[in-house]
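Here we start with a single chain on its own, the form predicted alone, put down as structure tokens.
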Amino acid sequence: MMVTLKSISRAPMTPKANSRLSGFYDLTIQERLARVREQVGLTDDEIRILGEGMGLSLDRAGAMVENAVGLYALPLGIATNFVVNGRDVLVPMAIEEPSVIAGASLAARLGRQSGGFTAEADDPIMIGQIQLVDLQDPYAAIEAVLASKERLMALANALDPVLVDLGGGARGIQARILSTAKGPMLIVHLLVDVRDAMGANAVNTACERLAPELAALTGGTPYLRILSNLADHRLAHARVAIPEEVLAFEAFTGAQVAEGIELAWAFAAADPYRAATNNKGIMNGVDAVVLATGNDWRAVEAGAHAYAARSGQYTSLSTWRRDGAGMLVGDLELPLALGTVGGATRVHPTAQVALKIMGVRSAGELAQVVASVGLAQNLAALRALATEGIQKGHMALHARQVAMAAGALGPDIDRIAEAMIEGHTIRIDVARSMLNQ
């Protein structure tokens, strides 16, 4: 049966939706699909897309990329327990790394006890850059550009009347002189509200249109005309406050765990070597949702890491502080250029189902969920580091992959994984030896 995008209806999660799916991990895949279907009202076609690998056909893949020869699949899982701005959300995540979905779900459960995550997103303003060189008087060029900004924005808006009708369009013109190894350059920024699109095509088209106009205004020669992936006008922010007592783990009191998380954050805030790994943990969660929804995770990664270095030193994207009243408060801010229309989000059936599962109706709502997942993932990693260490939980889940890599099938996968965990040695040579026995 051919599944078309017309058969996928995006709608908010039903009022009965509850992301607190106790025992979800212990269900079979078919049982999990049934639970998700019950929560968000998936159709038969949408269940087939998820359950039978019908998300992308070879024909559709061939139309999406050059030289297509096949499909590459990743596991698609559901992070549970999330409450974002008072709404229960089931979060699809496409990722190959063990422990990420489990960690996000655990952290969301901890945050759920105090109301979950609060999140907000800026208006979807993207930046287009036009580079001009060979200027006789760079500062006179700036004045000429700014004096004509209304006309320039009108020219940009004329290219996309549909975007303007939707409430988007050009929002501003900025200009600055940049000193470079090749001499001074005039860099003009075109700010565009792209609504529910990621916006690259609209912004790049507008930059191409304005380049000759800017050349005539300034006497300069235009070169690069392209959007910036440092979307610092399009930030998303998430916050969670967790009672310290719920962080207690084994021999560690909640206060000890909270102190350990704050110390781990302080390390990342001060040291780029630690910050890189801290932010990678955040992006484990962010990228998995971005990928599941057909968005450009490479652009999001580039923007996030550039934003982390905006002060001149690369630092943590998140902050964690004890408030002195028994709460651990976490904040995350990063650029999130995401879309719910256009690109792969529009043509990939699985991406459309993922958006329906989340119940998001705009790019801003999607950014709020993604930022919340990134903060949850960071909490899960820091909690592990502050208590048992990152390897214990991660390697327990990784043991199944090692068993499969050694050739284990069916029930042997779990048997060999459990034996390696009990023996505290999770290596492929050990797995092969157990399999041979």
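Keep in mind that this is a model prediction, so the values were computed, not measured. When you see a residue number, it is the position in the sequence shown, counting from 1.
The form predicted in complex with ligand MEV exists for this protein as well; it is not shown, and the discussion that follows is about that form.
Partner-facing stretch of 201-209, 307-315, 272-280, 326-334, counted where any non-hydrogen atom is within 4.5 angstroms of ligand MEV in the model of the complex:
Checking each option against the 4.5 Å cut-off leaves 272-280.
is_contact(E97, ligand MEV) in the model of the complex, heavy atom dist at most 4.5 Å:
Contact check for E97: yes, within 4.5 Å of ligand MEV in the model of the complex.
Can you check whether N284 is within 4.5 Å of ligand MEV in the model of the complex, heavy atom basis?
Answer yes; at least one heavy atom of N284 falls within 4.5 Å of ligand MEV in the model of the complex.
So, I47 and ligand MEV: in the model of the complex, are they within 4.5 Å at any heavy atom pair?
It does not: once ligand MEV is placed as it appears in the model of the complex, I47 has no heavy atom within 4.5 Å of it.
Could you tell me if L385 has a non-hydrogen atom within 4.5 Å of ligand MEV in the model of the complex?
Residue-level check for L385: yes, a contact with ligand MEV.
Would you mind checking 152-177 for residues with a heavy atom within 4.5 Å of ligand MEV in the model of the complex?
Counting only heavy atoms within 4.5 Å of ligand MEV in the model of the complex, no residue of 152-177 makes contact.
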